[in-house]
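The same protein chain appears twice below, in two forms, each given on its own as structure tokens and labelled structure 1 and structure 2.
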Structure 1
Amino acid sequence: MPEPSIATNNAPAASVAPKRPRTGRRDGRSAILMMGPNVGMFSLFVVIPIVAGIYLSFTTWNIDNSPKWVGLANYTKMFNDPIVGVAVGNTVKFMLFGVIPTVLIALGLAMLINVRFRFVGVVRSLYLIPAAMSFAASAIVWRYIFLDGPGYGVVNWVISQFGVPPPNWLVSTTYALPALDVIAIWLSLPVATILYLAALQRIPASVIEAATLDGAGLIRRVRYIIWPMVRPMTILVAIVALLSFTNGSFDLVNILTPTGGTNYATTTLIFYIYQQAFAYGLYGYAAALAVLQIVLIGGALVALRVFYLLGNRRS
């Protein structure tokens, strides 16, 4: 305790006591009381699980018994499990083909709606409204759009108008993952666009005007002014998109391809973890896979940071 409890037990003393100099003020006791529930819950359901997860990864556990220590067995199994490589590959593909288009399209959309006219609020709402939808609800709407069922869905109808036989999106080993990416991009764009719009509005109009007067076309303006100036935001957009795609890589896969796709085509690491634990009861093994997942997310964040710093040095 940073404060002697005697002083605070004399309730009226607080206002009577001589004023302490501001720099010496300590709010330890009230701070602990006020922060306690927050930190307590956070520790119980966030900090402890992170530690417990590492412990569980060295055990076998099947819910009914207590976890049994098995040393590195789960990790040995992980490195010899060919599906792990497939799942990591799918996850990386899903992230790259999802996050990069999200960043680029969102910047384009933000530039498009960074304009003032009478009904701009209504038009912007059209861009932002998918943010209200869950992965679950959009999964089903998009399933009908990519439809493989009785009639054709819109996408396949359009493709068939060109005389090309349309793919069976969700069953295909080639097109299933890209189809899920399309849905996740659509759902991630609103937040990404909002973030870029805010960044664009911090660029002084005079800078753009000067460049336009100097004869810089749209592409040169984007390349030399807008892109460098929104770069800090690009990192944030990429991080937020990365986390949203992490969610999507479970929700969409589990709802649209509940077996993990033909030949594991859509088995992402998160989905594989869930499957190992809740379908096969291999909780210890799943915990080891989750450690790998956290390492991968950490790696992705470090990579983003390195890209950012390298970019800074160049410019």
Structure 2
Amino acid sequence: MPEPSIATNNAPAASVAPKRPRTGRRDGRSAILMMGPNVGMFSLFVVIPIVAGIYLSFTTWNIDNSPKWVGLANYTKMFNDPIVGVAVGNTVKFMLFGVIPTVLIALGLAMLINVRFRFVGVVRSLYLIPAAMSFAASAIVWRYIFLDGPGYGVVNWVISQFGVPPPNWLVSTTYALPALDVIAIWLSLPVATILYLAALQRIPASVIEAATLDGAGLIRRVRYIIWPMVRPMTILVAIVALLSFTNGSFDLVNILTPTGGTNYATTTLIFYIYQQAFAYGLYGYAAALAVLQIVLIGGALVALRVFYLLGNRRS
């Protein structure tokens, strides 16, 4: 009796499409919910004012009347205004001679307080003092430090002890802007130092110890180990300092040199914008100057990015 044959099914099994995980959808919705308020606030306080400012730069407007379209008249006036060139030059000098010392001094302070010694806690507390003060409050304190005349301030008193006639810092066309830069550097150091300290603490201690055992001195360790490893943080420090110097200069100029200094020696672009808008009521022209400042800041940020890329290519 023949055995019954067992039927085999050689047909390919029907492929079942895997179900799409819902985790990705939930993560996407959660991201939108978390980013929504931030995007909304950024649009409300940054994007919309920039767009409105660009529109106003093509108009003439005061508080009493509606804006009137004037085309490129404000920009033509801006390029023919000699004070604009002075204000842009002061702004560039204020940023350049402020950001570079801030980066170098902050890195040195971060390296100092990153080392364990007896009074490191006191030093860490002292360098944070400027972070608790605003630009306006600091300007009032530093006004008495730079005080000239019979009741010398601290700086002029020290200079006078060496038999040198102290300058009138806040009136001088030579020393007024550097004096404001010193204050801005002092105020920017805490944040910059904290950022550098965070970067230094990410460097493995074994790398520093190995370099020390191989005979590398402090300068070589800084040049070949520390600086390359903190270079990404340097760009962030420079950007934070750049924005601080650009916007914070207004408080210092307005309080210490309310007229913009002798022969516009301390008139920065942001202070000149304030004068045109609120002293003379030229809001359209002030908006055009604000657009110029946005372009100036954007150019500085691009320059920092190029500097960072060139540094990476050389390394």
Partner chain sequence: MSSAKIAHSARVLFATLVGLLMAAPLFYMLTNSLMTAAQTSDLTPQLIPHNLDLHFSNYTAALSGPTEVIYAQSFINSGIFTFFVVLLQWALCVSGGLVIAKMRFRSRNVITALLGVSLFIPILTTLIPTFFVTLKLGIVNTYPGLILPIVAQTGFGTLLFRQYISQMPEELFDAARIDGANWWMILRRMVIPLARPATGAYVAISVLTAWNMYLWPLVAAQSSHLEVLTQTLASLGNQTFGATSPQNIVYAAIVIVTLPMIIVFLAVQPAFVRGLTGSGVE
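These numbers were taken from a predicted model, which means no experiment stands behind them. Definition used throughout: the rigid core is the maximal C-alpha set that superposes within 1.5 Å between two forms. Sequence positions of structure 1, starting at 1, serve as the residue numbers.
Undergrad: Can you tell which of the two structures I gave is the form predicted together with the partner chain?
TA: Only structure 1 fits here, because that chain is the form predicted together with the partner chain.
Undergrad: Using a rigid core alignment, state whether the CA of Gly121 is displaced by 2 Å or more between the two structures.
TA: After core superposition, the displacement of the Gly121 C-alpha between the two structures reaches the 2 Å mark, so yes.
Undergrad: Following rigid core alignment, is the displacement of the Phe45 C-alpha between the two structures equal to or greater than 2 angstroms?
TA: Yes, its C-alpha moves 2 Å or more.
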